[in-house]
Structures are given as C-alpha cells and as structure tokens.
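The chain below stands alone and is given in structure tokens; this is the form predicted alone.
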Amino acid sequence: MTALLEVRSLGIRFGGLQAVDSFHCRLNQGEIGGIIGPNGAGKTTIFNMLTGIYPPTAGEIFFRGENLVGRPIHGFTEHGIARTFQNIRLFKELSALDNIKIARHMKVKYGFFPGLFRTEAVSRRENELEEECLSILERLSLAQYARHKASGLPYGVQRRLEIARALATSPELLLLDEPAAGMNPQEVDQLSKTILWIRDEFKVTILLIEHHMQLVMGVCDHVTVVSFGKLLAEGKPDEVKVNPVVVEAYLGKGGKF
C-alpha cells in the first residue's frame, strides 16, 4: 500500500545545532499517528517542516507519492495538509465564522474583476461559502459561537475552533500540535472522542503531537518517539509504552506509564 505520508531521513540544522536528524515516519490513509517525546525533542520543528514553514536541510516528504520539499507554505495547504498550533493562532478580533471563512476562501475560484464588482455569480458563491462554514461550525458543535469574537471564547472552544478552521481547507492530512494542552481530564476525554469522530466524519488522516499519554494511547494507531531530534522508537501504542528506552526518556529508570 502506498502511504499517504512518507517522511524519509528528514533533518534540519540551525547554525551549528542539528535540531532534527534522520527522522522518518509513514502514515496510511485513515490512520491516526502520534509523535511523542520530552520537551525540546524537536516535535514542533518536525511539524513545521511537514507544513513548509521550515525548509528541511536534508530528507524528503512524500505526500500521495509526491515530494513536497521545496514547495511554498501555501503549496502544502493546496495539496491537502492542514494544521493547528501549540499556541492557538486564531484571528482573535474576528468572529468564529470569519475565522472559518478565511480558511475556506482558498477553495474559492473567481477572478479579480468579478470579485471587485461583486457580480451575481460572486455573490451567489459567497452565500454558499457562508453556508459551508456554518455547516462546519455546526458539525463541531460551535454554531452557537458563530458571531462571537474569537478572543472572548472559552479556551476549550478556541481549541475546537482552530481545528474547525483547519478542516475548512478540506485537508486529507490534519496535523494537531498538542491539542490537549491546558485541558482538564474531562476535556481530554471528550477530545479523544472528538479526534476519532473527526477522522471518520471528515474522512481525514491525522498526525498529532501530544504529551498527554492517555490521549495518545487511546486514539493512535501508530506512535513515533523522538528525543533530542532523533527517532527513539516507533510502533503500536501498547508496544511503545512498555519500551524501556521510551520509559527511561520520559520517566527515568524504573519508571512506568
């Protein structure tokens, strides 16, 4: 089976620092993969390379069999890769609906002059766009916040809104950077169910970075462990959580998840 995402020998150097070295992973259509590791392991740097923010200094990123290394950031989005961020990056002064519309606009195709003069076709497409965005908010249980300014929303709702905005680009691969950060146990449990539901409802493959081991072990089909920019271990969640090298990296000798 051809992988949806296949990363080979990926690396990046910042001056004299080798931040990531020879990282690889493989993700098939419909799977949920996880990247875990201690703070400073290079996880977010890997995500930044997988979305075109950082150009790697070595390696290849194959998505649907095509090497995306060297593409601009918008090229990754156009190919079907979307992400959220460890620190929420919403347009805080805009409404929840407008946040979704901005992302959805990449799917709109009309020329400069029709847009400038707002022709009948443009007005019709804009109305359709709003309905599509409201539908996404409804599916993520966010419809009641559609006209609310993003900055005034509860933290957990902002997290969900950022996921909704990423889904508005109609991705095939969704990257979630620490989606459970700042959540209480009840919210984490609900997030686990939401991630599984998103995978099935939106027919999207998911790769996530997360420190919350309960979430990782509960939703991931495959887990990759990194430490100091290097791949430490990989395998199914039940295999990884008893791997002594992984346990020592997280908890020290004698630790147990």
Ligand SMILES: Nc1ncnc2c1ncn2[C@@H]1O[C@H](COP(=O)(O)OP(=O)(O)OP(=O)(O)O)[C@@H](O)[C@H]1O
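Nothing here was measured: the structure is a model prediction, and the numbers come from that model. Numbers follow the displayed sequence, beginning with 1.
Heads up, the form predicted in complex with the named molecule isn't pictured, but that's what we're talking about next.
Participant: If contact means any heavy atom within 4.5 Å, which of 192-200, 62-70, 216-224, 38-46 contacts the named molecule in the model of the complex?
Facilitator: Answer to the contact question: 38-46.
Participant: Phe91, Leu94 and Glu187 - do all three of these have some heavy atom no more than 4.5 Å from the named molecule in the model of the complex?
Facilitator: Not a single residue of the candidate spot has a heavy atom within 4.5 Å of the named molecule in the model of the complex.
Participant: Please tell me whether any heavy atom belonging to Gln86 falls inside 4.5 Å of a heavy atom of the named molecule, as the geometry stands in the model of the complex.
Facilitator: Residue-level check for Gln86: yes, a contact with the named molecule.
Participant: Quick check on His211: any heavy atom within 4.5 Å of the named molecule in the model of the complex?
Facilitator: His211 belongs to the contact set for the named molecule.
Participant: Although the partner isn't part of this model, could you tell me whether Glu178 comes within 4.5 Å of the named molecule in the model of the complex, counting any heavy atom of the residue?
Facilitator: Flag for Glu178 set to yes.
Participant: I'd like to check something about Val247: if you look in the model of the complex, is any of its heavy atoms closer than or equal to 4.5 Å to a heavy atom of the named molecule?
Facilitator: No, Val247 sits far enough from the named molecule in the model of the complex that none of its heavy atoms falls within 4.5 Å.
Participant: Within 4.5 Å of the named molecule in the model of the complex, which residues of 6-25 have a heavy atom? Give them in sequence order, or say none.
Facilitator: Result: Phe14, Leu17, Ala19.
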